[in-house]
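What follows is a single chain, given as structure tokens, in the form predicted on its own.
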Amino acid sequence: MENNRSSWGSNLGFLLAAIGSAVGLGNIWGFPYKMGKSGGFTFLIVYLLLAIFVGMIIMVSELAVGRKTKLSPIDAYQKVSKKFAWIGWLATIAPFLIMSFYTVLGGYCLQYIALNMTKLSFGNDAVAMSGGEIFGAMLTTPLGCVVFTILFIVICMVIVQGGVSGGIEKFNKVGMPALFVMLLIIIVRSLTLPNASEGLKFMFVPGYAVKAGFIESSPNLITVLGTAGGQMFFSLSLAMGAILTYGSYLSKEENLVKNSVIIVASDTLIALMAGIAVIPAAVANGIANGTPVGQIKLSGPNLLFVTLQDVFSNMGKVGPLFGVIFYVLVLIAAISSAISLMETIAAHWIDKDLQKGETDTRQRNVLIVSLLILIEAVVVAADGLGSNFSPASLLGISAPPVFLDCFLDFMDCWSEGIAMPLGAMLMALMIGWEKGPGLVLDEVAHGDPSAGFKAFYRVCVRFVVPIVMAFVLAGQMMDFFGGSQVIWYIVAVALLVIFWVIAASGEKKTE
């Protein structure tokens, strides 16, 4: 009864699917490199605080709104609020834009699996190039990138066409345990490399990143807040409609608070494990190659596709085996998140068909969504992270801001940079000040939450989340557009005040 919005096959199936949505490239790719550029331990502390005081609140809220309405994001917000009905469009546009580059990165993973399988079969000499040379050759061969992107989209499409329990749940029941086991294998190998301890110090020793020279100076706290906030949303699949959509398939018997704690804790654990797998290996490999510690680069997409490939190449005959394992686990993480985003986009049109009495339209709608995603993904795949062309080059801009560097950054800017933090801020204002926390707490009451959680939720959804989101939004806009920090803070605070006045005026609220 997939097309009639039946419940998940089991709560375990839901949890694994929700964890799978959260555990994606944001964990395996984004967390290590953003930690690398943001000072290591400082980033970690800010991220953990955000996960507890912001991520948990948004997770519970999205699950509650989804389960309460039993609708996709667009229709759910239209049903809940007159003033903020358009939040649903932000929560649908964001995953659509994210899929433009997420599918390309998934295609990169497929290429790297094939590369390491070739080395495994024919020896390292079969592809006698450095990680940088391999990545550069791949980016400047747009046809290959497009083909592998199409393959990744087809894999995701087939899974989502199988339905909620028949496709998404089944994949995650196998994929998530497999990912965890493979990640443990990579961690063991990473930590047994000489000088891996330097990478662990970078992650867990306060101030070590600056002291050892990994970064020149401690980053601005607001910059770290923006980076960590964007990472938290991307990693936990928040404010992109996925969690709300998955929540719409939940039964009333499930405990939303407990499930949210499990999802956030599991996702954070996987992110930390990914950091432990990637950063010590990158540092150890740099030291082994004679690179001074202060010159080892731990930021940017190159960390996953250049540095790590060099690590595996330098392991000798067993290196390609670990390469295959690593990029397969990254692929699983990419698929588990991509299918949740594809489901979020398709759910709106599936719901519309159901309202008209049309059933069995899932496969058609998912096919249409996949083709639309393919159109935008081809552009991102062909530009080769700016190697072949970019928004800036097409516009004739010689010194562009970050969001014009390549089409990946362009799509990331409008999704992770603006739509997601803005959508989260608006949702918190809607719940906290327009409708009242009772909108969520009444739905959460089916799981009998404690009085302590209710008080914690009220304070966070009314004050902590909106204020933090304003600063995250300012940090994101500053990163992508450049310019004065002060101006972006003023813009973000002005938006917060304007929408708070709109939310707080008029309507009776439920406490």
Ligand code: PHE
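Remember, predicted model here, so these are calculated numbers, not experimental data. From 1 onward, residues are counted along the sequence shown.
We do not show the form predicted in complex with the ligand, though everything after this point is about it.
Worksheet item: Among A22, A242 and S340, does every residue place a heavy atom within 4.5 Å of the ligand in the predicted complex?
Response: All of them do, each having a heavy atom within 4.5 Å of the partner.
Discussion item. Quick check for you: of 227-235, 181-189, 197-205, 383-391, which stretch puts a non-hydrogen atom within 4.5 Å of the ligand in the predicted complex?
Written reply: Flagged stretch: 227-235.
Worksheet item: Using 4.5 Å between non-hydrogen atoms, is N27 touching the ligand in the predicted complex?
Response: Result yes; N27 sits at the interface with the ligand in the predicted complex.
Worksheet item: So, in the predicted complex, is Y327 in contact with the ligand at a 4.5 angstroms heavy atom limit?
Response: So Y327 does not count as contacting the ligand.
Worksheet item: Taking the shortest heavy atom distance, is F312 within 4.5 Å of the ligand in the predicted complex?
Response: Result no; F312 lies far from the ligand in the predicted complex.
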